[in-house]
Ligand SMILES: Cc1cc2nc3c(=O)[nH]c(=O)nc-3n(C[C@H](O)[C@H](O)[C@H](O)COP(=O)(O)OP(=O)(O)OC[C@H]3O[C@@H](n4cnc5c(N)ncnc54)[C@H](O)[C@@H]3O)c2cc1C
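First, one chain by itself: the form predicted alone, in structure tokens.
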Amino acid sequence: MLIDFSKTRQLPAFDICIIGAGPAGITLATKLQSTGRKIGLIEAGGLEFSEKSQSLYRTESVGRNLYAELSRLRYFGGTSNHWSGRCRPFVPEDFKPNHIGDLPGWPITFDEFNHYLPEAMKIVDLPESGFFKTATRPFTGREFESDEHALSPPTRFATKYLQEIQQDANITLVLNCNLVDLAFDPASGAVTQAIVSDYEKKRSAIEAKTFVLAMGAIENSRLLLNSASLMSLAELKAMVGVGFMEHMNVEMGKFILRGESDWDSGGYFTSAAFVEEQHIGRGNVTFGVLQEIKSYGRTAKIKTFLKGLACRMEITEKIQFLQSINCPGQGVITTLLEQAPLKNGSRISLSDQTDFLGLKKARIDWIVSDDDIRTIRTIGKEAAKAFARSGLGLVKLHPYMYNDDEFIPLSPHAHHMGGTRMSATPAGGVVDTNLKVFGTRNLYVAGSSVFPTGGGGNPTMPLLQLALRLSEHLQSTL
């Protein structure tokens, strides 16, 4: 069933109300429909992209810029609507205590988590043997191994599940319905209502026995922080928004191949022994030969033209206003590296600015810590040595990779994680091992915001594993 909240504000009560219809929320709803319970799937946007809905993702950045409103999508299907499809599973070493940072690691075992990998792979349309190695020429030495990942088609959750949800008698998809508050009753420990608004600021209340926040890492924290009744809980005050993480994309340098003229890329992943010895984050290093000039944003065409002209004239070093120019045929070293979750590191809090619905915007302090810098430089230096040692070619690292006094430029991967982290106790996070919010008896969180550590791969498939695990828990408690 489908309801457009902008046309009718009469909503039924639900057994389970899932707020957010991205990959996590859709997976939960479709897994729970077989229970016969009434499931509400609440989506802030519509079936198509709209500027008005997207504008509510605007944040205040006080650290490095995440470009949050450009990297997430706020309509049915969520960010899967522009997901690239890259999948890499967590590894057992990700679940070791105190793997990285000064906050507690995963409070569940790898085996318990990995149990849900086959089903998660099916959801994103991967075959059983979907993972493949991305380096045909392995490095010599023990620091790196060939990266292993899989490519989803990519799965667009809106396309895959809309018809099924519309035809399901147990699921009600509510569009254009923005969560603006959660009413919490301290006496019973229950969230009693979700207060929602349309885009004309007309509000209503949704009643349910159980509520699940599945709005993305930034929004999950923002909505908890905006709920005065929930933030009265001592268990939540100190930890909501703490331990926010991104994956770091650093252009480490350039390389020249020795032979192998048809070789266009190689992906290498940090070995467990190397990471443990150096006490650094995990991650992927990609040596790629550019096939074409790529530019992004509204001025992409003019940027590409000017960069192409600079490459042909061999004046790239003199064109400062274009920043870094990578020309076809050049070898460029890029990364996807894990950040350390820190008590006093990156954090989501509330801005003094409000959106047009009256909620305080998210204030994001994305910090690249000393731990992160050590991860970047250690991996970069060792990757350069391994590439040369393996006879693949020569590497020239950028000066900031070895000069401690230089600022390291980097960009985000749009992998927002943490902020409502899973922990064995409230001292280390916001949700327990069943993803229930500490201090409540019926509020849960789904998605990558519960990750205690980020690992060295894309978060979409792992967050589906946790959504499947949560669906089993909710079925057992109904």
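Sequential numbering from 1, following the sequence displayed. Just so it is clear, the structure is predicted and the values come from calculations on it, not from any experiment.
Only in words, not in the display: the form predicted in complex with this ligand, which the text now covers.
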(Q) Taking this ligand as it sits in the model of the complex, is Leu470 near enough to touch it, meaning that at least one heavy atom pair lies within 4.5 angstroms? (A) no
Q.
Against this ligand in the model of the complex, would Gly447 count as a contact residue? Criterion: heavy atoms within 4.5 Å.
A. yes
Q: Using the partner position in the model of the complex, report whether Gly85 sits within 4.5 Å of this ligand, counting heavy atoms only.
A: yes
Q: Using the partner position in the model of the complex, report whether Gln465 sits within 4.5 Å of this ligand, counting heavy atoms only.
A: no
Q: Report yes if all three of Asn226, Met245 and Ala362 come within 4.5 Å of this ligand in the model of the complex by some heavy atom, otherwise no.
A: no
Q. Pick from 345 to 353, 207 to 215, 89 to 97, 394 to 402: which stretch has non-hydrogen atoms within 4.5 Å of this ligand in the model of the complex?
A. 207 to 215
(Q) Please identify the residue among Thr155, Thr172, Asn178, Asn284 with any heavy atom within 4.5 Å of this ligand in the model of the complex. (A) Asn178
Q: Just give me the single entry in Ser146, Thr79, Thr192, Gln278 that has a non-hydrogen atom within 4.5 angstroms of this ligand in the model of the complex.
A: Thr79
